[in-house]
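Just the one chain here, laid out as structure tokens, in the form predicted alone.
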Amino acid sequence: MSKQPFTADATLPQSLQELFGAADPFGLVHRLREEAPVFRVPGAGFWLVTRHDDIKALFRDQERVTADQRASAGFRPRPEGSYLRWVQDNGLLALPSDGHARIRRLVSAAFTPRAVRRMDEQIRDVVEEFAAPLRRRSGETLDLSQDFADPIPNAVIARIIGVPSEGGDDKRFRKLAHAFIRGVVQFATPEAQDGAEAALAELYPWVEHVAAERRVAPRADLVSDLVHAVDRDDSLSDREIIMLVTGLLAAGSTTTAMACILMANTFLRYPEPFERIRRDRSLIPGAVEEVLRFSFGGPAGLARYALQDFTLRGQQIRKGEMLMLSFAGANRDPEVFEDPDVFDIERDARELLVFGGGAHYCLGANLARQELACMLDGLLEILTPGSKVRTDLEGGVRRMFLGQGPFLVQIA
């Protein structure tokens, strides 16, 4: 990939909009990494960290930083007794280290080889459901966001936790899941948070009811696996299962949909590796890793909050301040990845930091990878050679952080 270098008189971003709206966001991140690797974004109240070694260390640092947003100086708790307040106080990121380790141990007991194989079948069934109507649409313009990338992750979660399709329950679940996600993402508006509260008011008792049913009559779904997961005579409570299901929704839906759009856009820009994958689908897992490294997130990243005052790269971080650990900063760092601005589907991407690291490494990472692999497999049959993004119409690539929108593709 050819980089657009900064001119000699270029300045560092002076606002949040300038940072995330840059014409060349990856070039900007390169400059920040070199000149201001710990950069306080003007007017935004947080630090952007862009060096791989700093980010990797902070993911593992439980003394100075936390993923628990309650440690933020600007945190505003939801009203006592509300569902969102319960999520804030009891989610995985809010648990003490021993409680968090216990939950992870029990969850891993639910992901047996048999359960993982079943999930693979369920994911492929869902992808096929949405891919089939989009095949053989030569000459048409498709919105891959609305018709493929957005609905699949929530449909997958509905399928694996056992939401029945009869009576439209799965569609209702997806609608509620979407409302919940909008209200719990970083910088959600008060209106979106209210929508999430209303969605949780319906989701919470539903999951509680399903968990109670599965204790008596288990089925081939994730809730049954969680209900019956046992380790050292310990098991999950119904409330912990609810916390895990809502956490799976919050962490896995929007991010997986965004990754799918970025994957489609990347392969439309780089058709040669796409054609190689079409001829040899064993390249799909490595291609997914490289898309995540090369395209995902731009300057954005995962948040951590300072538990104490400390110094990083000469910058004084104050207790309660947020540090955003940049995806592009870590995953395009030339100290770790040779020729980081080159898209290479056979690259060794083991140092990828998209899923975090340390104690809070994403529980759903393997599920997300499998979803994206199946979605890429589906895209191979939709995006015929010569297809292209309709940049002349409203609907360019959606930028994480700036919101959602259509992604329009002209099928050849």
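Start at 1 and count along the sequence shown; that's the residue number. Because the structure is a prediction, the values reported are computed rather than measured.
Keep in mind the form predicted together with ligand HEM is missing from the figure; the text below concerns it.
Taking the partner from elsewhere, Arg293 is found to have every heavy atom lying beyond 4.5 Å of ligand HEM in the predicted complex.
The closest non-hydrogen atom of Phe46 lies beyond 4.5 Å of ligand HEM in the predicted complex.
Heavy atoms of Phe327 reach within 4.5 Å of ligand HEM in the predicted complex, making it an interface residue.
Ligand HEM is not shown here, and in the predicted complex it never comes within 4.5 Å of any heavy atom of Lys56. Of the candidate stretches 341 to 349, 380 to 388, 31 to 39, 365 to 373, only 365 to 373 contains residues with a heavy atom within 4.5 Å of ligand HEM in the predicted complex. Note on contacts: among Arg215, Lys319, Arg104, Lys175, the single residue with a heavy atom within 4.5 Å of ligand HEM in the predicted complex is Arg104. With the partner omitted here, the residue from Leu142, Leu93, Ala109, Val207 that has a non-hydrogen atom within 4.5 angstroms of ligand HEM in the predicted complex is Leu93. Shown here without ligand HEM, the chain has Val354, Phe355, Gly356, Ala359, His360, Tyr361, Cys362, Leu363, Gly364, Leu367 in 349 to 367 lying with a heavy atom within 4.5 Å of that partner in the predicted complex.
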